[in-house]
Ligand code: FRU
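Okay, here we've got a single chain as structure tokens, the form predicted alone, with questions on binding and movement later.
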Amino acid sequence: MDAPPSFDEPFRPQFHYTPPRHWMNDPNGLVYHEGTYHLFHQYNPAANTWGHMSWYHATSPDLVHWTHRGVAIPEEGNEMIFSGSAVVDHGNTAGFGSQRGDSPMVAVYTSNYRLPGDAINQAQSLAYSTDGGATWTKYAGNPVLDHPDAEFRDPNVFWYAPGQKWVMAVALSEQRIIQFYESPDLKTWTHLSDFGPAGSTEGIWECPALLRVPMEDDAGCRRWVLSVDVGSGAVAGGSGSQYFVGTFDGIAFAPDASHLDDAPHWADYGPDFYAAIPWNNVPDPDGRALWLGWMNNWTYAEDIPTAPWRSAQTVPRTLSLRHRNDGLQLVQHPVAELERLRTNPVRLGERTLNDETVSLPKDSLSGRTLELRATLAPENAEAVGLHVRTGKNERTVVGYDATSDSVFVDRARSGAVGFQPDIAARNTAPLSPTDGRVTLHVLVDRSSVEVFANGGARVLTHRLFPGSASDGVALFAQGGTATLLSLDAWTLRSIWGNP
């Protein structure tokens, strides 16, 4: 029998969710129920590559510390369990609850049926739990929704209160169309409308989600956001996530003109953000819009050098919308609960950088699990920013480029890059200073970096695989003078109990 995972293996993230072993991809069934956050995800219980898709289950009291619960909805016979969502059926509309007035949890997922030859058929099915997610039963009447198009998947379901009904967004992947359906009971579905093709259409469409997101300056005002993932052709290459802001009247989604005319709008400008879906049933008065995504890219997902597991999820993020001259922009922040992991605080005051790279003393700031908050004035420098995970011939560069007015992450020398030809790249997102300043909020884990620039206006997510000795941090200015106005940093404790 294999030894149990240590959760201290090379490249094992220390504050991002990973399964104990084997393959993971899309997050599924994100739902809050009676004090617990539930995370399900695509899982291969037999190997470290894609296959035998099932739903694995983990729970958390705080979106930070996770307990593995095992396979919840397994592959059986010719049916693999593809992506989907979960809800709490407060009104027991589906009738899966007991006579005591329980509120069962219901998973809505894609059944991927393998047919003779290489054919498949995809249809939407249900499973339910009446014991808080501990055990799951597949509905005897599955599937509950089918379509002539075999590539019909990834249902995302929510309760639409104005119409007292359930609404589903689901993808006709190869047609680049999102369909909307309604149901009174999660079992019987009626087609409402279609959206698409629009925005980025080079890759297939997957993992749609329609959610209400608060305005940054007025949490009481919310707008509808439709996220749609593309399997290829994203802004950083390979797979990625786009979004549209608009209106939803219970029947059809209509994007704002600005979000249709100048699409695509990317949720994340890094290569490693995909299949993000929101948590359902987040309680008031909290009421946050929360999501997380798969921290990987289909271009190289099966090749990343990790064992005995493969893949990670991003940190959970809060969402809001910010007014811009050209419309509304999605803003993301790591959930505040991550601050509970902070230790060893370091604060650096103002200092001038004269076309130089300055390594910070390791006794004051170093590590493989860091949170960094830097405020920089670019002045006349061509570029300014941070080097993280620095070591012998290794560094990941995070900075602002004044020549292109952009924020960037460069992982050309980030560590192991030979497993995929295009991984040693520099990825950028458009960004302008605010009042002459750029802010970089950077989360560094053992095999990832997530950058939230200018208060979450631009986000870039990257996997990286540096040596364990590469734990330094440096400041840099290139081609002129810049000023570091402040730098706050913390070491983040492991969620797995490791040092």
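Note that this is a predicted model, so its numbers are computed, not measured. Each residue number is its position in the shown sequence, starting from 1.
Beyond the structure shown, there is the form predicted together with ligand FRU, which is absent from this document and is the topic of what follows.
- Interface membership of T483, defined by any non-hydrogen atom within 4.5 Å of ligand FRU in the model of the complex, is ruled out.
- Interface membership of S448, defined by any non-hydrogen atom within 4.5 Å of ligand FRU in the model of the complex, is ruled out.
- When contacts are judged by a 4.5 Å heavy atom cut-off, W298 counts as touching ligand FRU in the model of the complex.
- Contact check for Y274: a non-hydrogen atom falls within 4.5 Å of ligand FRU in the model of the complex.
- Here the chain stands alone, but in the model of the complex its contact with ligand FRU, taken as any heavy atom within 4.5 Å, falls in 48 to 56 among 48 to 56, 451 to 459, 30 to 38, 427 to 435.
- Checked against ligand FRU in the model of the complex, the candidates W136, F253, F82, W309 yield a single residue with a heavy atom inside 4.5 Å, and that residue is F82.
- Residue in contact with ligand FRU in the model of the complex (any heavy atom within 4.5 Å), chosen from E182, E206, D401, E394: E206.
- Residues of 106 to 124 are not found to place any heavy atom within 4.5 Å of ligand FRU in the model of the complex.
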